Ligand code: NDP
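Quick setup: one chain, the form predicted alone, written in C-alpha cells, and binding and motion questions come after.
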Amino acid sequence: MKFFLAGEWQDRSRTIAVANPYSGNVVETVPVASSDDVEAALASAVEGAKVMAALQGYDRYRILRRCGELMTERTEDLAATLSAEEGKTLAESRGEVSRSVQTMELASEEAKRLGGEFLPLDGGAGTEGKLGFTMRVPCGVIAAITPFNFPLNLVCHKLGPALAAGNSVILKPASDTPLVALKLIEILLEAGLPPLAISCITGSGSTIGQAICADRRVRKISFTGSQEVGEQICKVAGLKRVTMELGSNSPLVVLPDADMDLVKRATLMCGFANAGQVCISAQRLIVHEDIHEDLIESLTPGVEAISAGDQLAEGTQMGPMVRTSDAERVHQWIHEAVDQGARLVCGGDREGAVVQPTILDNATADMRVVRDEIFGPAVAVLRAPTVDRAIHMANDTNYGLSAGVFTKDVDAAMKFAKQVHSGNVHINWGPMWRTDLMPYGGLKDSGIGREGPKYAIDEMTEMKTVVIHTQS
C-alpha cells in the first residue's frame, strides 16, 4: 500500500510489513519515509494550510460530512482491515468504525460554528469609541501522531477537528496499524478534501515523527501514546501548541453498597476490551474489604468464560495483543506479581500474542501490575478498609486519566469525584467509558489538553483580538 505525500500516492523501495498479530501473516506493506519525505510533507503542508484557511466553514463541513457517509458505506472493509492489523475482534472493529463516523460528523458540525465573541471594552477606562471582538483562526500546519490501539477513531479525533478548523495535517500513524488510516485518507480525498491539506507518511516515529515535531513550520502537535514518547516530543517541540494524550493505570473503586452485578459487567468490559490495550482500561480494582471475597467469587467465572484467540474467528471475544513482545511483557509482569505475593485467581497463560484474561488478587502498590501501565488483559485487585483509604490508593500513581467508583451513597460519590486526581471520573461505571463529543484528557503524567471535536478545535485554532477605533 502506498502512502500519501504532497498530493500524490507514492511508494518507496524500503517497506514495513504489517502483520496479523494472531497468525503473524503479512497483511500488507507500507513505505518507509525518509528525511526528504518529511521535508516534502512539511513544504506541501504549508501550501495546504493556505488552501484550507481559504475554504468556507460550510465547505469544510460538507467534506467531513461526506467522509462520514463514505465511511458508513465501507464499514465492513474498514472493520476487516482494522481487525487484521490490530487484533480487535470484528465486533469491536465495527464498533470503532461507528464511533469514528460519529467523530467526523461532530467535527463537521463544529466547522460551521467557529467564531469569537464581542468584547465589552467600555468596561475599561478611556475606551470611548472603541469596539472589540475576537476571531479564531487556524494554527496552520498540524502534526498528528497516533497509536495502534484505536487506529481509526483516534486518527479521526485528530484529523476531523484539525480540518474542520481550517488547518493542514501531517499524519504519522502507528507502524503496526497504518492501513486503516491510509484507507481513511482515500475516503477524505474522495469526499473532496484538497490534496495538499493532508499527508500521511509511514515509518519510525523516532526518526520521522521527531523530525516533524521539531520543525518550526508545525504550529500544533497532537500526540497519543506513551508518557516517555510524549515527554520526548515536548522536549523537541519548541514554541508550539501541544496536546498530549498519554498513559494511565485507571482505578475502579468498589464500595460496600455497590450493585455487584453492575460491577461485574463493568469490570468484564472495562478490563478486557481490546485485550486490555486501552488507555482507560480498568487496571486497578480497589475493593472495600467487606465485599472483597464476594466480588472475586462473582467476577471469576465471567473472566474465565472470555474466549480469547483468533480475532477473525467466529465466537472469539478477545483477540491477541498487537505484538508478541507486548504479550511476553504482560505475561512476565503477571508472574512477577505472583512471585511477590499476589494470588493468580485465573488466567496468566500466554500463547503467542494471546494472553488469557487474568485476575490477580492481593496485589500491592509496589508491584508493576499496579504501579505502571500494563496495557494488557490483567486486572489487579487491592483491598481498602475505608472510603478515604480507597481514594488515597486511587491517587497513589503518577497518572490521572480516568477513574470509576461504584456506590449508592451520593456523598461518597461526590467526595470521590472531588478528591480523585483524574481528568475523567465515572460514578457507577468503570473508567473505560467515553462518548466522542465529551472533553477527554488527563491530569498529572496522563497528559496535556483535551480531545473531543469541540474542545480539540479550541486547541487547533488561535485567538485574535480586533479593536475598531471609531471617531464618534
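Note that residue numbering begins at 1 and tracks the sequence as displayed. What you see is a predicted model; the values in this text were computed from it and never measured.
This protein has a second form, the form predicted together with this ligand, left out of what is shown; the following refers to that one.
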Which pick from G319, P377, P138, G209 sits with a heavy atom within 4.5 Å of this ligand in the model of the complex?
-> G209
Which one of V155, A394, A84, L246 is close to this ligand in the model of the complex, taking close to mean a heavy atom within 4.5 Å?
-> L246
Is it the case that K2, Y61 and S222 all touch this ligand in the model of the complex, with a non-hydrogen atom of each within 4.5 angstroms?
-> no
Q232 within 4.5 Å of this ligand in the model of the complex, heavy atoms | yes
Proximity of E110 to this ligand in the model of the complex, heavy atoms at 4.5 Å | no
E105 within 4.5 Å of this ligand in the model of the complex, heavy atoms | no
With heavy atoms only and a cut-off of 4.5 Å, decide whether E96 touches this ligand in the model of the complex.
-> no
Would you mind picking out the stretch of 339-347, 197-205, 302-310, 357-365 that comes within 4.5 angstroms of this ligand in the model of the complex, counting non-hydrogen atoms?
-> 197-205
Residues within stretch 437-452 having a non-hydrogen atom within 4.5 Å of this ligand in the model of the complex | Y440
